[in-house]
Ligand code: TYD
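In the form predicted on its own, a lone chain appears below as structure tokens.
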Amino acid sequence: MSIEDCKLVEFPKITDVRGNLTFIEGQRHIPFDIKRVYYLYDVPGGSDRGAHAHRGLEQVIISMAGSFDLLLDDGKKQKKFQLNRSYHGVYVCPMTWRYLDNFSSGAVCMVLASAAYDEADYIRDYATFSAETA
């Protein structure tokens, strides 16, 4: 897979004067079954998150509140997304370095993952990532 496989995904949005509703179904709106959900919040201004890649894990990253930037890198090309709508997400394929920054006050980042946590799947050093993607 390459950076071209990482793309913005729009989820269904049901509008209502009482408030909007969005839903996400694995294998329908995203290309995997959801095995884990986690979220980042209370990220201090000026801080960043991510700065790693996964060998096999697929993810969808969503801004549930506020905004932040997502920079993706496949070792050859980079792609940047600004996430600020809860009905948009970015599909992140395996072997893609991800870096999140520019968090607004009150931002909440939710991540849908294709597998349970596995430390062995992480690549936390960019030089190692570069060598594995060369």
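What you are looking at is a predicted structure, and each value in this text was computed from that prediction instead of being measured. The first residue of the sequence shown is number 1, and the count goes up from there.
The same protein also has a form predicted in complex with thymidine-5'-diphosphate, omitted here; what follows describes it.
For the candidate set 55, 35, 79, 49, a heavy atom within 4.5 Å of thymidine-5'-diphosphate in the predicted bound form is found for exactly one residue, namely 49. Among heavy atoms of residue 40, some come within 4.5 Å of thymidine-5'-diphosphate in the predicted bound form. Residue 18 falls outside the set of residues with a heavy atom inside 4.5 Å of thymidine-5'-diphosphate in the predicted bound form.
In the predicted bound form, thymidine-5'-diphosphate lies within 4.5 Å of some heavy atom of residue 117.
Contact check for residue 122: a heavy atom falls within 4.5 Å of thymidine-5'-diphosphate in the predicted bound form.
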